[in-house]
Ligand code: NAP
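Have a look below at one chain only, the form predicted on its own, in structure tokens format.
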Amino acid sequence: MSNRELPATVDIAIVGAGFSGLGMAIRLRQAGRSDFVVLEKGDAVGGTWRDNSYPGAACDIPSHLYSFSFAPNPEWTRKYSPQAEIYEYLRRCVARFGIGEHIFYGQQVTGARWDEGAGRWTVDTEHGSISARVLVWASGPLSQAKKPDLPGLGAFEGPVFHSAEWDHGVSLAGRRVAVVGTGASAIQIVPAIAGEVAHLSVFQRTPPWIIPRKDKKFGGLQRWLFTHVPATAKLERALTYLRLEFIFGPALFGRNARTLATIRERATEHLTSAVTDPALVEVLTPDYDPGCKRLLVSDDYYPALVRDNVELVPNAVASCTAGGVVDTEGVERPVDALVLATGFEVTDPAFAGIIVGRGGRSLADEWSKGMHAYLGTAVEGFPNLFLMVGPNAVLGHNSVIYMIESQLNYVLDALRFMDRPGIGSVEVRTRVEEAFREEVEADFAHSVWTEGGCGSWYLDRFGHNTTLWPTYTYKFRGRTRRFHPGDYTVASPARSEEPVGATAR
């Protein structure tokens, strides 16, 4: 499919073939639409779940909830699916819903410009350009690896790779390895490689709160029930959603003291049951509220840290030498290979610089003081552009697939409105987006992310949380159930700027 030529024009162009891009394509086909393409930079679908194939990679949201509601998978083998199963699930979705013909691989998008005269987007890739009436940007928030600029890194003589760019051609067996970071990826990598390396140094700047994963296999009987009695799978999904939404949610949104204390107690017990050294317990105990940084789940991270060949270094890496790494205390440790489990660029995405809206203004220009988008989806100045999992649409407590499906509903309803005669473009009104931003900031005011006592990747360089949805997900679902034209300036195909949306419903 990568050898096919792009069509010159298309109604809808989707950028990215991860969960949100594929979900959009599937829902378009279900709605009877066929004039669309999916532009994927890689040679396969999957996005995050294609790229993050490091040892131990798995989801930290239970499988039956971390999947499309319209494409249940009764064959999940575990409560928390490993990367390979999620990747295969997405590939099966492509075949099941017949969207493969719409996907063009090897199409790295290099620019997207709004053509005011034509009322269309011109999307440039490394292999050509395409004109689209509507642009759906679905590259995802975890697609741009964040790599530290360490002095001397270029002189390090061993292999170096980010967790999202794992080099499976490099064997770590019998080597001295350093893992930089103790976030969601690191706590999966460390147990997976600890048994094969000669020595493992884990560099920790700030300890995470970790609660038991309590992972389990789904036996043959359970999978049979999920397959032949679909109500059991729906119940599993519903119970998982309710537990995450109404147990963990209140602790994060309102800093519910009782719930926070329960989570803290549970996490502390989990730590001390595996780690008996008081000094190590102390450096592994966070000094901020649970959830301020992402609350992690693991059954095997702490046991891995107490292995004889594993050392937790309670300092960041300051620099590298030809044969090792130096921490912020000036201690050098010999290292043969370096793993950067340092997360992703979320609040300052590179794609913002290549999306250019009205008046030649890029999304990066618009976001120079922080990301923002109405309902995480629409930005003033960028007509007919819909962002998937955009600003304030990521979650800290539940499944982002729920948010994605909410946005899919919203975009589809917008497209139905745009199909009406005389509708050329829709652009969210300034006052609507500004009111939404104020509402989001107010919701964050007393949350664990604002008052929890930590810094995190959720916050931008100005200290604003431009990443997470600050309250219950069902409220987001309600807000995105319908596209309200009155929230938008609607222009005709002739580019009339007279707003008609207030009366066209």
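Small disclaimer: the values here were computed from a predicted structure and weren't measured. Residue numbers run from 1 along the displayed sequence.
The same protein also exists as the form predicted together with the named molecule; that form is not shown, yet it is the one meant from here on.
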* Asked: Any chance all of Val15, Phe97 and Arg133 sit within 4.5 Å of the named molecule in the predicted complex, going by non-hydrogen atoms?
  -> no
* **Candidate stretches 59 to 67, 470 to 478, 436 to 444, 32 to 40, one within 4.5 Å of the named molecule in the predicted complex by heavy atom** => 59 to 67
* Asked: Is there a heavy atom of Pro72 no more than 4.5 Å from a heavy atom of the named molecule in the predicted complex?
  -> no
* To do: Classify Arg237 as contacting or not contacting the named molecule in the predicted complex by the rule of any non-hydrogen atom within 4.5 angstroms, answering yes or no.
  => no
* **Any non-hydrogen atom of Arg78 within 4.5 angstroms of the named molecule in the predicted complex** => no
* Is Val197 one of the residues lying within 4.5 Å of the named molecule in the predicted complex, judged by heavy atom distances? -> no
* **Proximity to the named molecule in the predicted complex, single hit among Thr342, Asn409, Ser143, Gln222 (heavy atom within 4.5 Å)** => Thr342
* To do: Would you kindly say which of Gly376, Gly291, Gly181, Gly357 lies with a heavy atom within 4.5 Å of the named molecule in the predicted complex?
  => Gly181
* Asked: If you look in the predicted complex, which residues in 188 to 227 sit within 4.5 Å of the named molecule (heavy atoms)?
  -> Gln188, Phe203, Arg205, Thr206
